[in-house]
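In structure tokens, the next block holds one chain alone, the form predicted alone.
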Amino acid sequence: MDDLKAKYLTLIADAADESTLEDLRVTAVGKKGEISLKMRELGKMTPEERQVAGPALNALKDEINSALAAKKAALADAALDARLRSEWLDVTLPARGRGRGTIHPISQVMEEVTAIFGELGFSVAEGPRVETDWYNFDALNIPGHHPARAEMDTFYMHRAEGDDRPPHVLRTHTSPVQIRSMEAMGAPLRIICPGGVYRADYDQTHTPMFHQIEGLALDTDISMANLKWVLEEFVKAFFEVDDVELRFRASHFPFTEPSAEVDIRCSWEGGTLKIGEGDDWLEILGSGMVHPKVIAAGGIDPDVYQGFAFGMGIDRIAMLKYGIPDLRAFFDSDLRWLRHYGFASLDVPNLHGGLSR
């Protein structure tokens, strides 16, 4: 037994890997291992011999198993140390400039607008980009003969010949989300609806896909005065100015009555846009009191509730705020442009820490 003990303890100590260690385990204490075979010989011994050999063999087996377990743990620790040395990284080194991504201006402005209206008590609502013409047009009081429903302006989904189901369109505005939100949540209601929309147009200031954000507030005593205050607070926060003057011009939208386009006082002195000063005016959005037919289409009683709505192009206000001259560049995937106009990925806009840092 002393020879077996010395033999296997030496072999275990010299084992270089877990595979070799497993072979030693099988050879020593496996079912047909040397120590296991020795234990089978106990049956051929006299009772006196078993009293001596039995405890000695059990002690030998336990010692070999303990040596195997200790060596296995040591090999695992050594492998981990080698891996840690090979994967070591100095986290105090400065970040690499190459390969670092940026936040797209559209995503940044969406977050900025959401942060502002979140502080004003508005929640975010979303809806599908493929809509039925009922949600996109009919529910918003847009009649069948309206130019916006023509195929030259709107992308209609293909329908098989003889298909009598209502036509589907790529939504032309995020207003259908207002209808869906009224149906789902009722009134009172205060939401904004950001997202992508689609129209058949393409030039320096128009693209077939662009982004809008619309707002809706419904209650029993909402007026145009509330709309004016909300828009003034938004413009001051978004353009980061202390004072601003808005001008409401009468207009017509099928889904609001009365309707107004909103201009902001500005100047273009030196080719730079300055908000809140100067003698020029810049149109930034459309707004108005929600038409009673639209409220009714949302399943709400227009004799009890009224409210305001507004909508603006996210791409457009991003261009104005950050001096981006061409809307088409937003969709070119030009890395040089993205590095120039992009934002740091960890800068989260908020009204307390700042929107654009």
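Note that this is a predicted model, so its numbers are computed, not measured. Sequential numbering from 1, following the sequence displayed.
Unshown form predicted together with 3,4-dihydroxyphenylalanine (DAH); subsequent notes refer to it.
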**OP:** Find the only residue in 149, 71, 190, 173 having a heavy atom within 4.5 Å of 3,4-dihydroxyphenylalanine (DAH) in the predicted bound form.
**Re:** 173
**OP:** Answer for residue 212 alone: is it within 4.5 Å of 3,4-dihydroxyphenylalanine (DAH) in the predicted bound form, judged on heavy atom distances?
**Re:** yes
**OP:** Answer with yes or no whether residue 310 is in contact with 3,4-dihydroxyphenylalanine (DAH) in the predicted bound form, where contact means some heavy atom within 4.5 Å.
**Re:** yes
Original post:
So in the predicted bound form, does residue 255 come within 4.5 Å of 3,4-dihydroxyphenylalanine (DAH), heavy atom to heavy atom?
Top reply: yes
Original post:
Does residue 168 make contact with 3,4-dihydroxyphenylalanine (DAH) in the predicted bound form, using a 4.5 Å heavy atom cut-off?
Top reply: no
Original post:
in the predicted bound form, which of 160 to 168, 279 to 287, 229 to 237, 118 to 126 comes within 4.5 Å of 3,4-dihydroxyphenylalanine (DAH) (heavy atoms)?
Top reply: 279 to 287
